[in-house]
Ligand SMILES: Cc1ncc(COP(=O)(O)O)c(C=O)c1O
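The chain below stands alone, shown as structure tokens; this is the form predicted alone.
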């Protein structure tokens, strides 16, 4: 790929000190030096329109001046204390105002950490062990989350498949895997194991696959019927779909939710939020030693991240912000549909206007297995052509920011048109 033709010295240095030569995130050896607004620049000075936005956190764009101002002010006063700070409390108060399920909040540093604690919290609350997870759902790096994240073979449901080495066999038995968007299967599975299930964990939009009407409502009803904790993983959807996240847009309220990315304003901060009667398991004085869920994090509720998050949420509350964000996404979605249709390439544009993808299939996409039939060569060439033409994104997502301009859209459309023509000729 052309975009990795430089940086040879840095690639060699990275390979020497980093396993696989990277951080385990983006993969390709692209070294970004700076970002401003909708753009980033690599160490060779090459410029990209950024639809990666740090894998989601930079909803406002890079180095937003208002966020930079409050962060610099806090840094001059100290960067971390381990004690509580007033900014974290203010951020928790704002989350409780905005998010339907949130009566209390506990901060951590990453979304995956939040998901891990949410599942553990559900087990503490119910006294049960099993977790229902949906095939292809991403919930971080814990042993539970790494079950049936990206299986390459079609195992019979509800058998879980590990996606990582180092996971004990005992974890397999505690995870029940179901197909996303299949209300009937979920209801049948949960009825069978109802007295053993602590929680259902689900993304209100699984990666870029939207929940079909009635699916989340079914999960809510089943959870209520059997005393199961319903966890919405809103690390991506929270404060992105709307100020109240997917719980606002769907009208379905979970018992717990996890938040990340946006709430830290570009700094490491995430949260578990939910009903007080569940969250009290973090309070040893109330719940007692036997039911207490221990949680300690050196940087949890860090003041720099908290002030960045507070300012980010303040900006998001301004009139017209979400209308603009959705319009930005709809503009790019329209480009993808138009140019791929013009060259006759089968595809589906799936997702929400704030985070979506183009999938090279000739049928609708409703669950993980629908993605397995994608034309992988077509998808790879399209992605390579976009990056070669200055469009930075994850291979499986476009993240939309508020910083995008008409100049960005014009350049994006040109790149999409070029990529579409390229794959039509392959």
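Numbering follows the first chain given and starts at 1. What you are looking at is a predicted structure, and each value in this text was computed from that prediction instead of being measured.
One more form of this protein should be noted, the form predicted together with the named molecule, which is absent from this view; the next part is about it.
Engineer: Out of 192 to 200, 229 to 237, 246 to 254, 293 to 301, where are the residues with a heavy atom within 4.5 Å of the named molecule in the predicted bound form?
Structural biologist: Correct option: 229 to 237.
Engineer: Under a 4.5 angstroms heavy atom criterion, identify the one residue in 208, 161, 331, 110 near the named molecule in the predicted bound form.
Structural biologist: After the contact test, the surviving option is 110.
Engineer: Just one of 138, 215, 87, 282 has a heavy atom within 4.5 Å of the named molecule in the predicted bound form. Which one?
Structural biologist: Of 138, 215, 87, 282, the residue with a heavy atom within 4.5 Å of the named molecule in the predicted bound form is 138.
Engineer: Though only this chain appears here, would residue 106 touch the named molecule in the predicted bound form if you measure heavy atom gaps against 4.5 Å?
Structural biologist: Residue 106: no contact with the named molecule in the predicted bound form.
Engineer: Mark residue 261 yes when one of its heavy atoms lies within 4.5 Å of a heavy atom of the named molecule in the predicted bound form, and no otherwise.
Structural biologist: Although the named molecule is absent here, residue 261 would touch it in the predicted bound form, with heavy atoms inside 4.5 Å.
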